[in-house]
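Look below for two forms of one protein chain, each set out as structure tokens: first structure 1, then structure 2.
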Structure 1
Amino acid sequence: MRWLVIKAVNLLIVLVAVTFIVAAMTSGPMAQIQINQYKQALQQQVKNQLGLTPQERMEWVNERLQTYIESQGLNKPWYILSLKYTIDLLKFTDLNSTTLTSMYWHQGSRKVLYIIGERIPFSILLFTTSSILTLLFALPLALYAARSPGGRVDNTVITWSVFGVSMPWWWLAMVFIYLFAYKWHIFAGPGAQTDWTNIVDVLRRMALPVITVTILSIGDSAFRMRNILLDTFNEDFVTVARAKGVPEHDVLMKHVLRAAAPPIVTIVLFSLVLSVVNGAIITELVFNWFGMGRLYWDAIESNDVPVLVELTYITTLLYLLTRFALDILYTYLDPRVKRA
């Protein structure tokens, strides 16, 4: 239990440090954005103040704006501002986007958490589905390849891996879009009208990107798992188990897979989490998918600092939570892992 507390404290320190660095790099623009947004709100209010001259309206806005700046500490030094925004991010305090709005569940809202919240489910759906399918195909291929190095399956996995890594996948994705969406009309293409609140529409739109990502991921995933399993097959405890006459199925399930589980789980979880939070920008752009990757691109393109800051914080948080979960899983997956 002690190691668990120490690990949690260490990860919390890392989270705070990374968040502070991000806040320090963006504190100036964030403060200016906050001031401008409040100023715009005041200018909307002063329009309802009848009987005021333009000069009086300007003075009314400037007086309240100055009071707001002082009350929020927006005129403080950069390190004070950085600490303020660090605390705001850690507490998930609402930030407002400068250019983007929520499109469905909180339509028209500029709150960053609402904007991110409506995109995350679509990235999770797309990349979790493709990751599960990749694992279902890649793991059996890796097992066959590792049990017969140099065999037909092994050579197929190696070739597939080289193809998947070296081929510009976005080019292959566009070939698939042309063939399956526009020529043969089997799947919905990136230009198809989609009601993102309708699950049938979403699943129909999701078919082609899932197939593409899965096909291109199987080879590399199988190759990496094959290398892990190949090393495990050569371990002494596997040789001893076989020498004792343990059935090959039990050797595979109770010895090899259990020992190889930690690195395989690491590969799967990290690829899944990073794909979900980053949304695999190019993937979602090519397929025009309404997810986190597309949101990243839209925020970069429009220089929307609040959205980028919040996305960076959420990415860091989920990455560290995944690391923490993996440390716990290791103690169950591999009995050789000991904790002080």
Structure 2
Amino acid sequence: MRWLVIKAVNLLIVLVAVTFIVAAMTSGPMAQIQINQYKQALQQQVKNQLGLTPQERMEWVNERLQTYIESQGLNKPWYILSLKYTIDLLKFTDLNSTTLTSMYWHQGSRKVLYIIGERIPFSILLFTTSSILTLLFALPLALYAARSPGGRVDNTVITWSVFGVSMPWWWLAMVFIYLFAYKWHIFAGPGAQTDWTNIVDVLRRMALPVITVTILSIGDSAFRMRNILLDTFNEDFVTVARAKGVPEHDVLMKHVLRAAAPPIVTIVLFSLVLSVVNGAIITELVFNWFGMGRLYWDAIESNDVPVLVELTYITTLLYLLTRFALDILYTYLDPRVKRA
């Protein structure tokens, strides 16, 4: 119990710290950028104001700039802004976006939660599908590989994992888009008009991202699962079971898989959560896929600090909660883990 409370407190500390750090890093400079952009826009506008002396022009610009700065709260120092964001989030008060708006369901709303709520389904759709596919392919591969280390399947898994780790997702995305969308016209490309209510359309559109992510994830996942399984195969209880004449199939299902389950679950869940929350900014950009990663980019490009901060808050919370849940799961699934 004690470790649980400690972990929960840690979670909170990390969450607050991460949120505050991101808010602190972004609010100051981003505010400056926003002010400069608005000032430039005003300086363009003032050219249309005929009959003003240069002096009056400057006043015209400064007046409006000042109102803008005050209305947006940009005159407050960064630490006040950051603190305000953090406290608001801890009180579950939704922030208001400065520039981004929601596109589909709450059209035009500036509530950050609505904006995020619109994007999350895209991320979940993409990454859950590819996680399931990855597991379906990786686990059998890993099993085969671990049963005969150094065999053909094992070498395939090892090579695949090398590419899976050293290849940027977004690069394979570029290659696949060219081949499958523009050259062979099999799947829809990033620029395709998609009717999100039409299942065939959606499938055609998500095929490429899913294939790309899955192919690259399989290598790494299978390799790690193989290592876990290999360790399990070498454990005493497996040797004993085999010596007792337990059929190989039962050894695999009853002993090996059960013992190897917790770490494998961890790998799958972690990579899922990590990619849903922030792993795929550039990939989503290349695929023009409106998920959470893309939202990060949109927020950065439009200097939308509240979106950035709340997004960080929610993604970090998700990540930490997963870690927390896995910790608990681990302790109950695996009696060997000490609750220290």
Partner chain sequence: MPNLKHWKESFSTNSRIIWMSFSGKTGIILLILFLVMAGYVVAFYYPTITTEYAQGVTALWPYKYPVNAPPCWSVSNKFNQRIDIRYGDLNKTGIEKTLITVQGLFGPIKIEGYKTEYFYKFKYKSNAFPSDVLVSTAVRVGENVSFIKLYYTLDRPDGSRITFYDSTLQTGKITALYGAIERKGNNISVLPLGLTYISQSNRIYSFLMRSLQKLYANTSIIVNPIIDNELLFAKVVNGSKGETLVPLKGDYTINITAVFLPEKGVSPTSNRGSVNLTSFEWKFMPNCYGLFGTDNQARPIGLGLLLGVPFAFVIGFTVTFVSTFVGAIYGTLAGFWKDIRGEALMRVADIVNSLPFLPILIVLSYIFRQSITLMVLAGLMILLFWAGPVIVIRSAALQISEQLYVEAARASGAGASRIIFRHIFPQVLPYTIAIAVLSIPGIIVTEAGLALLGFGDPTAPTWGKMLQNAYNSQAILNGWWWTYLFPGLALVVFSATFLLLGRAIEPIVAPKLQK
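On a predicted model such as this, the values are computed, not experimentally measured, just so you know. We call the rigid core whatever largest set of C-alpha positions still superposes within 1.5 Å between the two forms. Sequence positions of structure 1, starting at 1, serve as the residue numbers.
- Only structure 1 matches the form predicted on its own.
- Leu74 is among the residues whose C-alpha shifts by 2 Å or more between structures 1 and 2 once the rigid core is aligned.
- Taking the rigid core as fixed, one finds a CA shift for Phe137 smaller than 2 Å between structures 1 and 2.
- Pro168 shows a C-alpha shift of 2 Å or greater between structures 1 and 2 [criterion: core-superposed Cα displacement of 2 Å].
- In the core-superposed comparison between structures 1 and 2, the CA atom of Tyr38 travels 16.9 Å.
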